[in-house]
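In the form predicted alone, a lone chain appears below as structure tokens.
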Amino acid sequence: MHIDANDLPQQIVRALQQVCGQGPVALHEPRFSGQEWEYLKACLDSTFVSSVGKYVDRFEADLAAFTGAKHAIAVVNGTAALHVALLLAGVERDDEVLLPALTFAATANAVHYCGAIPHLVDSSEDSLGIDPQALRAWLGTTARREGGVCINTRTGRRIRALLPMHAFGHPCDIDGLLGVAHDFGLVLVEDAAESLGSWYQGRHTGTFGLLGTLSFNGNKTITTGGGGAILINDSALARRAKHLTTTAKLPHRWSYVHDEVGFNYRLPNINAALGCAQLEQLPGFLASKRHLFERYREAFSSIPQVRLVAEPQGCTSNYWLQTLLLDAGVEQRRDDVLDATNTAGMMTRPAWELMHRLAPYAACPTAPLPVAESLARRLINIPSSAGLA
């Protein structure tokens, strides 16, 4: 069945209303239906509301248990987690870090905080993450290994790390990316900010690289208000992560001795209390979001010019943000769809502005981006809250 492109915006509005009812409907909002009030009151009653308290330790242990990581280090937000993870991975000033052009600005910002340079690469339409085949071909023309180090032959700089981001909760092709990292001598660090509850071939995202990072911002699958975490399997590296994120203070009953420049990145106990209650509900949130995907898939099945992005083969996505992909033939109607849906009270958003189009990163090394450019013109995020199911 063909639908007139002029009618496409209203067809999408009706499909959304079929699932969500009448507006207003937020893009993604938190759900507090567990023991949040109880844990927050206990935290307040204890007076331990800042960076020390039992809920921080519990939240870290619960995160490690859920993800299968050996250690989880809780921090103030996902960007701080990524900043420290890159430092621990050995990223230094004037290094280059490979990352997708199709990502949120925080991914590139964390690289910049290290004094390093984002090196922007293309994505795959299947996963929305870095395409390992395209990356391998690009590095084959722009990089060489020299003494175990990957060098950008065009800039002369070291390419230190590969930083994939699991877009909207869909796992990247991790096996392919691990192969590229191995062959070119790169450290793999995962930006799993959006993919808590996503699995690649039965293993949680964020646990494949040397380090992985999570975010618990208010719009994420679970929230601590603000917050993030570093996932680590190496115990020595985990101890160093905790040291760096707590101002590099040496343990002592009363003395304040700091043995290096650290960061005041520790997650407050009161935020961790909220996170413990949220994490208890995570399996239910994930089931609801999967059910929401199925309802959307049925609602949009009669609109041939639109595809709902599904989890890649062999993966289990958390469906953090449900995503429509317009056919290339109707991509020029994207903004009309955004206008019609938001006017109807259904909050929708386009993909992020590609990193090479942002002023701070316009001069960064950039691979050809045919897929990322196409995806940016065609992606639309639609209401995705767990409560909608």
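All residue numbers refer to positions in the sequence shown, first residue = 1. Values in this document were obtained by computation on a predicted structure and should not be read as measured data.
The following text describes the form predicted together with a small molecule, which does not appear among the structures shown.
Chemist: Check each of S301, T153, N264, Q313 and return the one that places a heavy atom within 4.5 angstroms of the small molecule in the predicted bound form.
Modeler: None of the other options qualify; the answer is N264.
Chemist: Counting non-hydrogen atoms within 4.5 angstroms of the small molecule in the predicted bound form, say which of N77, S198, N269, T245 makes the cut.
Modeler: Answer to the contact question: N77.
Chemist: I need the one stretch from 117 to 125, 292 to 300, 185 to 193, 145 to 153 whose residues put non-hydrogen atoms within 4.5 angstroms of the small molecule in the predicted bound form.
Modeler: That would be stretch 185 to 193.
Chemist: State yes or no: in the predicted bound form, is some non-hydrogen atom of W138 no more than 4.5 angstroms from a non-hydrogen atom of the small molecule?
Modeler: Flag for W138 set to no.
Chemist: Is there a non-hydrogen atom of G275 within 4.5 angstroms of a non-hydrogen atom of the small molecule in the predicted bound form?
Modeler: Answer no; every heavy atom of G275 is more than 4.5 Å from the small molecule in the predicted bound form.
Chemist: Is there a non-hydrogen atom of M165 within 4.5 angstroms of a non-hydrogen atom of the small molecule in the predicted bound form?
Modeler: Heavy-atom contact with the small molecule at 4.5 Å: present for M165.
Chemist: Residue-level question: is G227 within 4.5 Å of the small molecule in the predicted bound form, judged on heavy atoms?
Modeler: Flag for G227 set to yes.
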